[in-house]
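Take a look at this one chain, the form predicted on its own, written out in structure tokens.
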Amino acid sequence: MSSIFIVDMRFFITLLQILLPLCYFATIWAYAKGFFRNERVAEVIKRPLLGLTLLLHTIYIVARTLEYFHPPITSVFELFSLIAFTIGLAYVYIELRTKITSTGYFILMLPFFFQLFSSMFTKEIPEIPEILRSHLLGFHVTSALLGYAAITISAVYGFLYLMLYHDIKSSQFGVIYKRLPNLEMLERMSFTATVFGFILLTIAIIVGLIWLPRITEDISFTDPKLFGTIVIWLIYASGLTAKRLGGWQGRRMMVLSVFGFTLTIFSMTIINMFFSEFHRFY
């Protein structure tokens, strides 16, 4: 009976693995129709589709964690699924906070591609270090990824701000000008995402610095990934301080968000795979 349950659970996980990219694609389609065609049906179904997709993704992550006895953080492709989920979750927070739904198409393309690659290439690793089975480590990684997801969304809003700014300066008033929020709202959305990401990244750093040294001797405070994360944190801390005390706003903050995102991607890919010892994927 237990072996049948295991087979059924793994079939269910595989089914969700196939369905998730399709769900993200359907959600993108609805947001695209709403943005470019202003279709009523798309406007009505896009939020429920996103909610259903994130619910299925939550079930997938929980089921995979329980079935394989570790959070999905053992390989870069497992991590891609968590990145997709956290970007979607962070976007929902921003959308609910600002009541703006017209930017979803630009944001949700990211989780679609991340989940697509994850679904195509994720394979269970037969033997993994015991530390990767820790649920507290999963909390540390999830906090960091939620922070990175918010930073990613902040950068997308920053890019949209710069694109709209260019169109206004060039007197080009096409669909982007008509359908995007105004510059002030895009800046507010980027700032909201930045604050959200900064708080979660702070939590991840604190958990990592306090907890991880107690369970492993492999961690090094000179680890390039740890150093890179702190540099990213300092950049955003400086930007938020400059906005609060120095009056930074507009293009300066948008350029900062795009620059910070570029460093984040470099940290999560090149440094993770080639330079970090402790954070290297297995």
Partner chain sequence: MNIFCLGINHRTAPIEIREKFWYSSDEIRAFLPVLKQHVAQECVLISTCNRTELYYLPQEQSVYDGSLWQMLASQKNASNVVREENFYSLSSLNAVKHLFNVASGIDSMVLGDVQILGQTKEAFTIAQQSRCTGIFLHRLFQTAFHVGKRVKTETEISEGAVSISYAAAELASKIFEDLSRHTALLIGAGETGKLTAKHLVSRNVKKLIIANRTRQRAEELSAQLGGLVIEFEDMAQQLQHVDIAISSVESHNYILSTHDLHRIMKLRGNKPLFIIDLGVPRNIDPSANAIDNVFLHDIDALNHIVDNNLAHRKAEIPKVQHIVMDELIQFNNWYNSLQVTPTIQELRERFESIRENELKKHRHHFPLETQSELDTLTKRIINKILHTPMVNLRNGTGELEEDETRRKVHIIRTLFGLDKKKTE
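What you see is a predicted model; the values in this text were computed from it and never measured. Only the largest set of C-alpha atoms that superpose within 1.5 Å between the two forms is called the rigid core. Residue numbers count along the first chain shown, from 1.
A second form of this protein, the form predicted in complex with the partner chain, is not displayed here; the remarks below concern that form.
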Could you confirm whether Arg244 comes within 4.5 Å of the partner chain in the model of the complex, counting heavy atoms only?
-> no
Any non-hydrogen atom of Met185 within 4.5 angstroms of the partner chain in the model of the complex = yes
Consider Pro48 of the chain shown here, and say whether it contacts the partner chain in the model of the complex, taking contact as heavy atoms within 4.5 Å.
-> no
Would you please decide whether Lys169 lies within 4.5 angstroms of the partner chain in the model of the complex, comparing each non-hydrogen atom pair?
-> yes
Is the partner chain close enough to His140, Phe198 and Ile203 in the model of the complex that each of the three has a heavy atom within 4.5 Å of it?
-> no
If we take heavy atoms and a 4.5 Å cut-off, which stretch out of 106 to 114, 146 to 154, 172 to 180, 77 to 85 is in contact with the partner chain in the model of the complex?
-> 172 to 180
Which one of Phe159, Tyr93, Trp211, Tyr165 is close to the partner chain in the model of the complex, taking close to mean a heavy atom within 4.5 Å?
-> Tyr165
From first to last in sequence, which residues of 53 to 87 have any non-hydrogen atom within 4.5 angstroms of the partner chain in the model of the complex?
-> none
Could you check whether the CA atom of Glu78 moves 2 Å or more between the shown form and the other one, using the rigid core for the fit?
-> no
With the core lined up, does the C-alpha of Gly247 move 2 Å or more between the shown form and the other one?
-> yes
Honestly, after the rigid core fit, is Ser118 moving at least 2 Å at Cα between the shown form and the other one?
-> no
